[in-house]
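The chain below stands alone and is given in structure tokens; this is the form predicted on its own.
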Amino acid sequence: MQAFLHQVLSGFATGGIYASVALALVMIYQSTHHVNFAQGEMATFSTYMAWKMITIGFPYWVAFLLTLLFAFVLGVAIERIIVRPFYKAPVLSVIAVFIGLLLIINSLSGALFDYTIKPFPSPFPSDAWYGGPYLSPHEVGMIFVTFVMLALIFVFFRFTPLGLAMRAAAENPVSSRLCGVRVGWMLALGWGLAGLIGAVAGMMTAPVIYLDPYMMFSVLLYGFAGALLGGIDNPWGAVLGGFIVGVLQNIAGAYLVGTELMVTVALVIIIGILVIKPSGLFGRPIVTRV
């Protein structure tokens, strides 16, 4: 029973990372109706920037905040320079752009920082008082950071004029323009926030699985599974889906498929949701007249 409880709680901590990635994917999907396949590579590149700042002497939390600023600017720049010209392009063209962006950023990470595995420090001491028999201090810290970030995002979108304008631009861009909302910049800010959220996920993941250019590949897959499970058009459903996937992954890895085949859990969830309930647990089925 204790081992099972450990797997559940550890999966909940890991699910916080998947929930962050799922939220980032949903934010971009709501504005473009496409999945950003380069989300994981953007998070990895931002994590490398944090690693570089830490290695040259920046305190961890200073590097953390500067990395969030960098990731936000990177997301806005990618939307304005690379993605915007393809908004009215065919679907396959947009998918090709995202795949190309994935390959470019991945190669850039390897070229600038090389492909060797690097340790990434955790801001949470291994002997901290909040660690316990079921969760390490870093896992507790991951849960705390994830919930703080999600709470700040909720407050931003629910109670600030800019957040409300971004929600309106994503839901109904035509009506938003008629109300004076600068839809183009709202979508760019959404990309910036998605980059920021991904950077948090990357910096929390790196101390666990080490830092290398392919670090976020499996994390992105689990985040995508969480987004589909909760609803690709429902941000908070995607967050809940990310936590569910984290718990299911740990339990399945420990008792069913083993650690070597845990990635198959995400693939099974993705295929099962697409077959049984494509809109997800909390998504809205879209009905159109043809």
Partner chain sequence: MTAILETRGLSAAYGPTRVLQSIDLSVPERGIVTLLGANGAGKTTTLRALCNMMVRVSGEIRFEGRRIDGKATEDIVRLGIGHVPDGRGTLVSLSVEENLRLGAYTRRDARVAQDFELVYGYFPRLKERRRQQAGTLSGGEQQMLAISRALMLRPKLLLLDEPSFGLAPLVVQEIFRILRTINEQEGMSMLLVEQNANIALELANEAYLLETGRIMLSGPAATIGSDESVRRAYLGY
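These figures come from a predicted structure and were not determined experimentally. Residue numbers count along the first chain shown, from 1.
Form predicted together with its partner chain: not shown, discussed below.
Here the marked residues Ala225, Leu240 and Val247 all miss its partner chain in the model of the complex; none has a heavy atom within 4.5 angstroms.
For the candidate set Leu178, Val148, Val91, Val73, a heavy atom within 4.5 Å of its partner chain in the model of the complex is found for exactly one residue, namely Leu178. Checking Ile99, Ala128, Leu162, Ile81 for any heavy atom within 4.5 Å of its partner chain in the model of the complex turns up a single hit: Leu162. Proximity to its partner chain in the model of the complex, taken as heavy atoms within 4.5 Å, picks out 154-162 from the listed stretches 207-215, 106-114, 131-139, 154-162. Contact check for Lys118: every heavy atom lies farther than 4.5 Å from its partner chain in the model of the complex.
Among residues of the shown chain, Ala168 is one whose heavy atoms approach its partner chain to within 4.5 Å in the model of the complex. Residue contact check for Val183: one or more of its heavy atoms lie within 4.5 Å of its partner chain in the model of the complex.
With contact defined as any non-hydrogen atom lying within 4.5 angstroms of its partner chain in the model of the complex, the stretch 29-43 contains no contacting residue.
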